[in-house]
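Next up is one chain by itself, shown in structure tokens, the form predicted alone.
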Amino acid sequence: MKKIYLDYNASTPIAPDVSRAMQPYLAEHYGNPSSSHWAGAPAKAAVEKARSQLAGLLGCKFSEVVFTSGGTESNNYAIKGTFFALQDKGSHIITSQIEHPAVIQPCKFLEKLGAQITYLPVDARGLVDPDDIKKAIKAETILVSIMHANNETGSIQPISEISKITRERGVWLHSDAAQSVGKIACDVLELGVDLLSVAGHKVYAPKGVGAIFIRQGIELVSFMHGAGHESGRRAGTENVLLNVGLGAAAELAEQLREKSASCELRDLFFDDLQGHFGDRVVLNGHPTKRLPNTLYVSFVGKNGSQILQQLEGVAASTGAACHADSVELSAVLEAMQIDKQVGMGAIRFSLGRATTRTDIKAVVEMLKNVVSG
């Protein structure tokens, strides 16, 4: 049985070049980066090189990059750090209904502390309307947090348009870019963001490492207290090994950017499905404004979980949880107001660097047998 991995939006394998870059820091360079002696110097240099590599991918200053334990911590830092830093200005935060739980749950937590949260709707293609943000901003608004690209649909939000609004109104803008970094351009200057979150394991780096871009002049309140690591922005001895991995992954992503941005295999996949199933298969998300690797389709009237169970050796994700007597659509599909007969058949196929045309053709053939059977 051939195993076909089409769940790259969930996690990516560590790239061979990344693994090689990490090897010396498993045993050879073991010093503390904060130590001033000979053992600490190589570790410190490695962390700063990694910081510069990631800054190169994001188009920012290396001093604006703070390493974290992953995308979840970065999102928590951005949202909670803003709330505690700007309490004298207000406590209103704007986000969307389709954000990752790592954004939604910190917002829910802050509501218990008195924060006012506006959860904006999205259209049928999963996009936020910038005009809704403009209308929602008020004198007490301190932060707008809108993801760059959705993890399910791959739909890419109009962050540059949103940033023009937030800049005019003097409101900080945060974007969860866990899914977009390494797949499409994520230049923080072009996007106009003040804060941006990165997750290592989505970009062929190890799990357990991430970063947050904090624009120069932005002062967040840290929730990791201790010594003055990361220029006083995140306490805790730097994870040299994982930071090196993320830096190497960022440099590799920059080198492969054009190839990563290709939609050829994704579109071939959908064309083949439509050629066989016709209007029995529909696309969830925006037809063009979405990640080049993401195909989120629904097999109308079918059960996505049951289909996946029969695709032996294929790794992908569903958009609905099916129970004994009911089907529960994901929060994203619910927000898009997708009909239950469509949403229950949702499957997300996310392609990666190792995905081949042969893989796509094999999965299409399996789907023909399973769905038509």
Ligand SMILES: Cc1ncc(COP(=O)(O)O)c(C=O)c1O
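Heads up: residue numbers just count along the shown sequence, starting at 1. All values reported here derive from a predicted model rather than from experimental measurement.
Not on display, but discussed next: the form predicted in complex with the ligand.
The closest heavy atom approach of Gly345 to the ligand in the predicted complex falls outside 4.5 Å. By the criterion of a heavy atom within 4.5 Å, Asn75 is counted among the residues contacting the ligand in the predicted complex.
Val144 falls outside the set of residues with a heavy atom inside 4.5 Å of the ligand in the predicted complex. The ligand is not shown here, and in the predicted complex it never comes within 4.5 Å of any heavy atom of Gly182. In summary, among the residues Ala199, Ile79, Leu196, Ala250, the only one with a non-hydrogen atom within 4.5 Å of the ligand in the predicted complex is Ala199. Contact with the ligand in the predicted complex, judged by any heavy atom within 4.5 Å, is made by just one of Asn151, Asn293, Ser96, Ser163: Asn151. In summary, the region of this chain contacting the ligand in the predicted complex, judged by heavy atoms within 4.5 Å and restricted to 184 to 192, 97 to 105, 250 to 258, 83 to 91, corresponds to 97 to 105. With contact defined as any non-hydrogen atom lying within 4.5 angstroms of the ligand in the predicted complex, the stretch 295 to 311 contains no contacting residue.
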